[in-house]
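Just the one chain here, laid out as structure tokens, in the form predicted on its own.
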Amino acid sequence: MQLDFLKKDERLAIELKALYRSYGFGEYKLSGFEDYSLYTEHKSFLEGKGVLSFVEGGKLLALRPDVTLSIVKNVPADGTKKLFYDEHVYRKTACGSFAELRQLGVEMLGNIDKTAEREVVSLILATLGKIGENYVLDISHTGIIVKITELLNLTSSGTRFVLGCLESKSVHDFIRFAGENNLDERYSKAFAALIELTSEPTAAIAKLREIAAYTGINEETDELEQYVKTGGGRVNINFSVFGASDYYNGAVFKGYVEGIPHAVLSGGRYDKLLEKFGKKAEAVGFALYLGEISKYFKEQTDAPDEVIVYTDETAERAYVAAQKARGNGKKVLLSREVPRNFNGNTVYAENCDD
């Protein structure tokens, strides 16, 4: 298929959907809106994305700010489902206004074993590789964060504070807090180690093995080690990456590509979200924010390579010449005049071959 005439985000979407189909995933289509209550009941899962609502037929509806909630709500929990989607979502921008954005993603619901999770990580890495040559996937594990945080025996406000230290990598603030609150020294060191953990995967796993001896995070560390092996040097362990613990229960992902100053992709294991919908199943997935990253793509110009200028007498000759040039891969504009500021090749139809 010839994709050269498409913009990069358009080509990328086509290539990614072909990639997901090659893994046996099927496309899932959703309506453009949901009942507003779906989002008010799961605010923390949305992470401040905002909800744009409207009234229709006496019901309060909302334009979708995220796809995962809708999929979990609407997909039956019978058997294992491997889905991908290409949808538009509506989110608040940094200045507070709403924007319509394109989002692609993959969701796997049902019986999710270690092999299935590994396949999702492979898909994430392949997705990032389609965006740019230099990319990295940061992975943490909600189970490790929850276990060590619980060992600190904190209040709710204390838990929020130490998680803030983890997210901002503020080890000095955490150590000061631990001293002021007489936290257990051994478990405090374990939590501080998560904050300071090296990005070098082999050394990071070794440190986690050391902590696991007294915190019980052996199984979770095994999972992270498997992801590191799957990544082939593209995976870092980074515990500043995490999701809400009342939704996520395993690995959490964030993907980065050189030249784009923020994460282009995120996801994780979210069995707890299904529990909230009364579904006895497991789930893992990720989303690519195509609408947010397309402005960083270096696009080819929309300007044609060539303009063929014609008159009433030369219209047929111009049409034939244009079709021939397009067949040879050129972008050709048929016009009665040369467009203003056009710097490409200009051909007058009377000079075209018959």
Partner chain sequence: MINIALPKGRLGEKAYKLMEKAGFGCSEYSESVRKLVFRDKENGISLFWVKPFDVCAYVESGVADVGVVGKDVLEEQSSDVYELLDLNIGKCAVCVAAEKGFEDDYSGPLRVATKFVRSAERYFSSVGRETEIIKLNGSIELAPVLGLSDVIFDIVETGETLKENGLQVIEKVSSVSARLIANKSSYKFKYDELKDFNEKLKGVMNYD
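Residue numbers count along the first chain shown, from 1. On a predicted model such as this, the values are computed, not experimentally measured, just so you know.
Keep in mind that the form predicted in complex with its partner chain is missing from the display, and what follows is about it.
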Worksheet, complete the sentence: Checked Lys169, Lys276, Arg118, Lys189 for heavy atoms within 4.5 Å of its partner chain in the predicted complex; positive is Lys169
Worksheet item: Though its partner chain is not shown, can you say which of Thr149, Asn238, Thr230, Gln103 has a heavy atom within 4.5 Å of it in the predicted complex?
Response: Asn238
Worksheet item: in the predicted complex, which of the stretches 70 to 78, 216 to 224, 251 to 259, 279 to 287 has residues with heavy atoms within 4.5 Å of its partner chain?
Response: 251 to 259
Worksheet item: Any chance Asp138 has a heavy atom within 4.5 Å of its partner chain in the predicted complex?
Response: yes
Worksheet item: Contact between Ser199 and its partner chain in the predicted complex at 4.5 Å, heavy atoms?
Response: yes
Worksheet item: With the cut-off set at 4.5 Å between non-hydrogen atoms, does Thr159 touch its partner chain in the predicted complex?
Response: no
Worksheet entry | Heavy atom of His88 within 4.5 Å of its partner chain in the predicted complex | no
